[in-house]
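Presented as structure tokens, the chain that follows is alone, the form predicted on its own.
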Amino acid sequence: MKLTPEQCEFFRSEGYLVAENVVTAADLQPVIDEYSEWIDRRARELQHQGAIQDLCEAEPFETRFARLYAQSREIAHGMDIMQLRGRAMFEFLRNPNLLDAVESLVGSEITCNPIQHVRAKPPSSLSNEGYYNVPWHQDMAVTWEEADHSDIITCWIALVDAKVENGCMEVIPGVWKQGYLEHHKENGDTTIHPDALPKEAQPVPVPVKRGGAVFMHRCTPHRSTPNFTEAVRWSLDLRYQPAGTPTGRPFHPEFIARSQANPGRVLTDYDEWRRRWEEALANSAGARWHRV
């Protein structure tokens, strides 16, 4: 879905944009199926180990992870994009509808940044861990300084409706113009130092329906909020940028996702993508991922 000039102007002014219907249900279904199958395999492994008694097979995608998580938090181990390295996810990273929107913001030569996550946010009654309730931060803070001038766009994509009640994100509009704000570590999380957070800024919740996206500038402060429902808030956290610019994670594999100038540069080989991640993770053990 190409963005309109008005949407692009809003993004450049406010540092974020909520865009509905960026991708279709058909675009998302292979990813959902891949994670549903993985969760089933993982649940059976944990059942064999005695950590899970009820496989919750009748539960739908929106709730099964939560029911399993209530029995064992180990259900989440190994599910992130770089860990699972699924074929459907690799194909989605080059989804034409998503890249049409990204192209509206960064141009036609697009690199897929290696900072990418899948988020299965359980009900807050089960977990209030920082990984699920991320504090105020800028995505610039989780890259090395080499990428300070790279036009990295965060694409936060809803796999289920993201609402205030199930923990949608909040952003602070316009603050991206102030550039990088001082961050520090707090309870293991990278977060904006309280003295650096603009006191006059007003947070704005950004609910978005399944298939919609929240696009954010790398300097836009944002956080996630608690999930007060009994279902799981599933989302993807992807990043794209103009090809040839530093990613801020030089030890993890980037790849060309779209190129009008040289289509042959686009990585379409799933096995190669998987191999690059396996090699990078083995060679980067102990590397500093965040700048603080």
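Residues carry their position along the shown sequence, with the first being 1. Please read these numbers as outputs of a predicted model, since none were measured by experiment.
This next part talks about the form predicted in complex with a small molecule, which is not shown.
Here the chain stands by itself, but in the predicted complex one stretch of 193 to 201, 118 to 126, 82 to 90, 96 to 104, 118 to 126, has heavy atoms within 4.5 Å of the small molecule. With a 4.5 Å cutoff on heavy atoms, residue 76 does not count as touching the small molecule in the predicted complex; it lies far away. The small molecule in the predicted complex comes within 4.5 Å of a heavy atom belonging to residue 139. Though the partner is left out of this view, residue 169 does reach within 4.5 Å of the small molecule in the predicted complex, counting heavy atoms only. The closest heavy atom approach of residue 218 to the small molecule in the predicted complex falls outside 4.5 Å. When you look in the predicted complex, the only residue of 62, 34, 237, 254 with a non-hydrogen atom within 4.5 Å of the small molecule is 237.
Not one of 113, 180 and 249 is positioned with any heavy atom within 4.5 Å of the small molecule in the predicted complex.
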